[in-house]
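Take a look at this one chain, the form predicted alone, written out in structure tokens.
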Amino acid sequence: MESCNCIDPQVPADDLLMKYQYISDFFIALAYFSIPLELIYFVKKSAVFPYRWVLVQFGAFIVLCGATHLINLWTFRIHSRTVAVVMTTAKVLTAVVSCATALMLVHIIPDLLSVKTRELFLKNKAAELDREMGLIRTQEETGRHVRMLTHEIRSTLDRHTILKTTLVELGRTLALEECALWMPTRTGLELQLSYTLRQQNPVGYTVPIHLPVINQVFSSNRAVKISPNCPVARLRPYAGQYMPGPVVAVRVPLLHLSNFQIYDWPEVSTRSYALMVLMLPSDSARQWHVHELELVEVVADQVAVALSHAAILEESMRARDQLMEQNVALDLARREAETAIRARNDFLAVMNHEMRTPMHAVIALSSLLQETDLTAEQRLMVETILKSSNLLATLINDVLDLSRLEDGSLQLETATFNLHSLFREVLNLIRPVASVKKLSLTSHLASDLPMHVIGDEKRLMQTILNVVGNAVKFSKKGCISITASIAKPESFRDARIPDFLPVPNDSHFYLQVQVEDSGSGINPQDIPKLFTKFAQNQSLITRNPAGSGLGLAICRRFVNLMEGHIWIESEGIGKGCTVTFIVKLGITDRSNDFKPPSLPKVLGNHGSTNFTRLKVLVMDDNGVSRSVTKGLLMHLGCDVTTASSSDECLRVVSLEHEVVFMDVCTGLDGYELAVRIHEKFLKHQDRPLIVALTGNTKKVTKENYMRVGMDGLILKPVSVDKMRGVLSELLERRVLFETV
């Protein structure tokens, strides 16, 4: 029998069917596993899909189905041919559909994610917008309350009103059951209950500042929820079953008060806080919300700012009140000082006049007595009287000058004068005194020192005479040298005069005068005291007690008036002394002829000049002074007529009288008398020369004398030599006003 090599192509073999089922199960499992992964991706990307739990269940079901088919790969067994064909066909179709579904989801899921479910999307957006609008409304409400509260507390700068208004507005805005403010005590160790909303607890209750709850609040810049049972939260008495509501506390920074002292506020040098405690109603389930806490924090900051402004205002008002009180006190002191100065000046003016009148008698009579035949002993006595009288007259002048310098009434009288002649005159006055003590007196004027200058000749001479006079007074032997030169710019940078910085120019220069002696010297420690009035060199008082201690004090003030500087140098006791001063003088126009002053500085001694037949009328209401003046004039050969009153003087004066001497006070009587004499003599050449002989040294007196037409002013006391010089100068110049 031959074998058959043909194959039946119509029906697949059993093993082929098994392979098809195997492959189909694999692809079905692969498709099932891929579908849940795609669903998971879809759920994660879609924020609006509402039924996520259904997808999770569906994914689990598919995974389990896939797992079943996967397990079938290991559980195949031989079935009947018909069953095998049916299973193969079903599994192939399932594999095709599953794979197609898995592939389709890959394309569909992005489309689903882009389309989204509009209803859910809009619903979510609406809810989100509601939340945002609620937040915005809350913020606006908070801002409105903050603005209202800020407006209320900023409408005043009274700190008590600020704090009380804050509690009231917070209580109304947040519907609080209680609100309170704890302020630090003066010691800074406790907090004191200072303000409450309902005032159910007594104000003044204190708690220690170092409690843990207080430290917790002070260490945070946010509102802190605290226990209703803590000491600072016990704002009302607890009774029965009362349960307090939620409580928050916030710190309120206080102004750094180290530079302020406000009456009942602590004086602290470190950061200080007050404590604000707020309690919600206890009969509600309400809790503190975030926006309410933010409101409390903002209000606390605003209160801190308002309190700082109030503290500054309170301090400034207190400073203003103190300043006003000080101004009132200063004004009262100024008026009292002005009254005292006026009283002093009036006293000095009266005393000056009253002292010069008897001094006039002493000096005049002594000078008359000196010109008689006297024994040597008598002449020594008379000279001693004259010297003491002149010293007293100098003291009177110094006191008057010092008084006028201190109250500012003394002013420089500038005029053109001969500077070289001034130094020669100083030497002529000092040399006789120096020769008596056997002192050598020398002077040196620099070659470039101008001849004519502008300044106050009298005050410059007074300064030089004081300085040179002191040198003579405190020198027993040796020499005294006077050097005058133009101060060089480099001398202004001297370390001894650091504050003196003058600037010379074409209209003025600075004169430097240096007086050096070989006298007793000065202790360097005593030098600064010498320019103080009534101060003397203590080391020399016992050896030479003469002097009032006013000379250098007056010199310094004169030098200051002349925009200069004065200083003293000495190496010590017994080593001499050097006084240097610099003053400002004007430069004259050399093209103009120099005009001599109308009054000589020192009236010269005219020797035996005789004024025989010179008719003079003397009017003086003081009998002694009238007799003394008459004696002086008669000694000089004058024909003297006297009058004791203005009426008598006006009745007696005639064409025969050439000179009328009147002792007048500051009243109108003397001025009126001068005017009446002018009216009595219509022709100017017939009118006698009218000279005031007075002890009044006020500058206004001289101006009034000149205004009413007087021809001269002579200050008492007057000696024989001075009267002789007065008559000579008066008859020669027809005018003579002694410098006051």
Partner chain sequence: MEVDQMQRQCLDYTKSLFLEGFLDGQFVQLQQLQDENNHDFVVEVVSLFFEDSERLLNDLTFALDQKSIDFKKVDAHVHQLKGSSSSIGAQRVKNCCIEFRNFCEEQNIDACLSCLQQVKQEYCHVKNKLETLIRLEQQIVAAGGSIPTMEF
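Numbering follows the first chain given and starts at 1. Here the structure is a predicted model, which means the values were calculated and not measured.
Form predicted together with the partner chain: not shown, discussed below.
- Note that among 413-421, 449-457, 634-642, 428-436, the stretch whose heavy atoms approach the partner chain to within 4.5 Å in the predicted bound form is 634-642.
- Shown here without its partner, the chain carries Ile162, Thr165 and Glu314, none of which come within 4.5 Å of the partner chain in the predicted bound form through any heavy atom.
- Gly134 falls outside the set of residues with a heavy atom inside 4.5 Å of the partner chain in the predicted bound form.
- Contact annotation: Gln462 falls outside 4.5 Å of the partner chain in the predicted bound form, judged by heavy atom distances.
- A residue is said to contact a partner when one of its heavy atoms sits within 4.5 Å of a partner heavy atom; Ala180 fails this definition for the partner chain in the predicted bound form, lying far away.
- For the chain shown alone, Asn466 is not a contact residue for the partner chain in the predicted bound form, no non-hydrogen atom being within 4.5 angstroms.
- This chain appears without its partner; in the predicted bound form, the one residue of Pro489, Gly574, Gly623, Pro208 with a heavy atom within 4.5 Å of the partner chain is Gly623.
- When you look in the predicted bound form, the only residue of Glu371, Glu140, Asp130, Asp506 with a non-hydrogen atom within 4.5 Å of the partner chain is Glu371.
- In the predicted bound form, the residues of 334-358 lying within 4.5 Å of the partner chain by at least one heavy atom are, in order, His353, Thr357.
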